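Next up is one chain by itself, shown in structure tokens, the form predicted on its own.
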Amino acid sequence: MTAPRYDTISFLSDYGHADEFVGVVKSVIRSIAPDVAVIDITHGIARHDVRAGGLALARAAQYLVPGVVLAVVDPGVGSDRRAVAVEVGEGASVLVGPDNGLLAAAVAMVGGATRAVELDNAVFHIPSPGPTFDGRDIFGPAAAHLCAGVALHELGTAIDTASLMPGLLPVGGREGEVVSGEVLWRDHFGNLQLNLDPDDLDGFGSEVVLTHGQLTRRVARVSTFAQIPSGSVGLLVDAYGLLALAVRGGSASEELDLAEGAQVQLTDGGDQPSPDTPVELGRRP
């Protein structure tokens, strides 16, 4: 059977853009697969933050063009952690990166792994003067060779998909009348995505009470940013279907002094009273 030929690599890393790392990896890819398109998911993951990289990859996964996903957030580079390529969808896509939990959530989002290999066939690596840049020397070349028609099994030794490192993602939920969650992500605008589903607030009114340590804040439940009252914090369903805290025209992270990993609790704040004062016709107020 002819190996699938992929024409797109979607690339995520913690390399940033201050150094040459992203450009070097892209150049290596082009030298092997000159016709492939490389899409930058992001290179702004905080350095060594595998959790944040895994969450970003999971958020993006269902929207990525089928092909090869190259993900490198690799604080264990040069150690005995495995370099892997993980097939999903019976070959629809392959995720390439370190086996440190980075790929796990995205693999789960798209239905789970169907095959995996350890990238231990040096024929498809670039000779390296030192073991500190596997994006250039192992992962980038593997992604490019897949696009050039090399079969997955040629890249290395088959491994049990059950042996792949799981991702460590926090689980939130409701116990009685208290909903406990965690800030998963602070986006560019300062919105705070929580690891909570809208169903966790079933039966709650139009306001919730947010607590974090000594912080207590009433938060309006809204559908859009425009509905958030001026000077207030809103709670809405974000573009990924999770609850998020936001401030219209501002930063919820700065307003609440909350960052990724912060633990929060939500309780029912009842229904927000109408701002309108009833006036009886025929009487002066």
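So that there is no doubt, residue numbering starts at 1 and follows the sequence shown. No experiment lies behind these values; they were computed from the predicted model shown.
There is another form of the same protein, the form predicted in complex with another copy of the chain; it is not shown, and what comes next is about it.
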Region of this chain that lies against another copy of the chain in the model of the complex, out of 178 to 186, 205 to 213, 106 to 114, 143 to 151 [heavy atom, 4.5 Å]: 178 to 186
is_contact(V219, another copy of the chain) in the model of the complex, heavy atom dist at most 4.5 Å: no
Contact of R51 with another copy of the chain in the model of the complex (heavy atom, 4.5 Å): no
Residue contact check: P131 to another copy of the chain in the model of the complex, 4.5 Å heavy atom: yes
4.5 Å heavy atom contact, R136 to another copy of the chain in the model of the complex: yes
Within 4.5 Å of another copy of the chain in the model of the complex: residues from 208 to 239 (heavy atom criterion): S223, T224, F225, A226, L236, V237, D238, A239
